[in-house]
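Take a look at this single chain, the form predicted alone, given in structure tokens.
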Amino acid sequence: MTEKIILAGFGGQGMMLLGKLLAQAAMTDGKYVTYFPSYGTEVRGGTAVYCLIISNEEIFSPLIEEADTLIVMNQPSYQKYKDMVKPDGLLVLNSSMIKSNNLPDVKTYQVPATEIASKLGNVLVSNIVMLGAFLAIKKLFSAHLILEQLQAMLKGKKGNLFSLNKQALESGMQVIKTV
């Protein structure tokens, strides 16, 4: 099993956290992992992309020419990376911020992540809603494993955010069950 994933959005939408969570979960699960984070020149608002490869076998390059999965949070990132999804690949869109037609030969899920996160009380957890949707579709890891990694990352001052992030993850998983 090898899964090549591109996570893309504006800086500040949590793509780096999302990538780190997936990478940590994969390593904890005994998988090989490479990742390549890339930030726009702006601190917030520029494009942030995280290329991640998870495999049962050794990985020789962190570069992704054709992704198995693209998780995208906004319209500019969608426009920039949509052609990198391989035929029969997976596209998970934040439909709150992206207006698109389904790509031919690509399985597309439209998740209103920003809207769901807003209803939960904080739009900053829209990335975790997308993660929940991705987990429900691909089933690479259990939600429990992701929650363990999330809890480890949200220590100290951020510890109070765990409950909200758990709700966001569960909400994302529920969206896929209703699609």
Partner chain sequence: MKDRLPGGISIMKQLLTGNEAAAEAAIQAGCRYYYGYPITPQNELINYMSTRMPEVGGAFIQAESEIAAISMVHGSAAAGGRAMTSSSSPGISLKQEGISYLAGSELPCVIVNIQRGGPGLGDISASQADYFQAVKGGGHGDYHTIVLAPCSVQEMADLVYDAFDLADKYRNPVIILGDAQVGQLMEPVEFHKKPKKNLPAKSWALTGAEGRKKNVIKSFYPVKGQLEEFNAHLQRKYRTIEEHEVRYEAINIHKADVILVAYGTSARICKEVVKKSQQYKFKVGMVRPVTLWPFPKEIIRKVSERVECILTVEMSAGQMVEDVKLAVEGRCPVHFYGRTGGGVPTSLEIIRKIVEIVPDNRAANTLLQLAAVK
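Positions refer to the first chain, counted from 1. Bear in mind that the values here come from a model prediction, so they are computed numbers and not experimental data.
Just so it is clear, the following notes concern the form predicted together with the partner chain, a form of the same protein that is not shown.
Asks: Quick one: which of 127-135, 140-148, 109-117, 65-73 gets within 4.5 Å of the partner chain in the predicted bound form, going by heavy atoms?
Replies: Every other range fails; the passing one is 65-73.
Asks: Is there a heavy atom of residue 61 lying 4.5 Å or less from a heavy atom of the partner chain in the predicted bound form?
Replies: Heavy-atom contact with the partner chain at 4.5 Å: present for residue 61.
Asks: Check whether residue 34 has any heavy atom within 4.5 Å of a heavy atom of the partner chain in the predicted bound form, and answer yes or no.
Replies: Residue-level check for residue 34: yes, a contact with the partner chain.
Asks: Going by a heavy atom distance of 4.5 Å, is residue 123 a contact of the partner chain in the predicted bound form?
Replies: Contact with the partner chain, no.
Asks: Should residue 17 be counted as a contact of the partner chain in the predicted bound form, where contact means heavy atoms within 4.5 Å?
Replies: Answer no; every heavy atom of residue 17 is more than 4.5 Å from the partner chain in the predicted bound form.
Asks: Taking only heavy atoms into account, state which residues of 74-95 are within 4.5 Å of the partner chain in the predicted bound form, ordered by sequence.
Replies: Contacts from 74-95: none.
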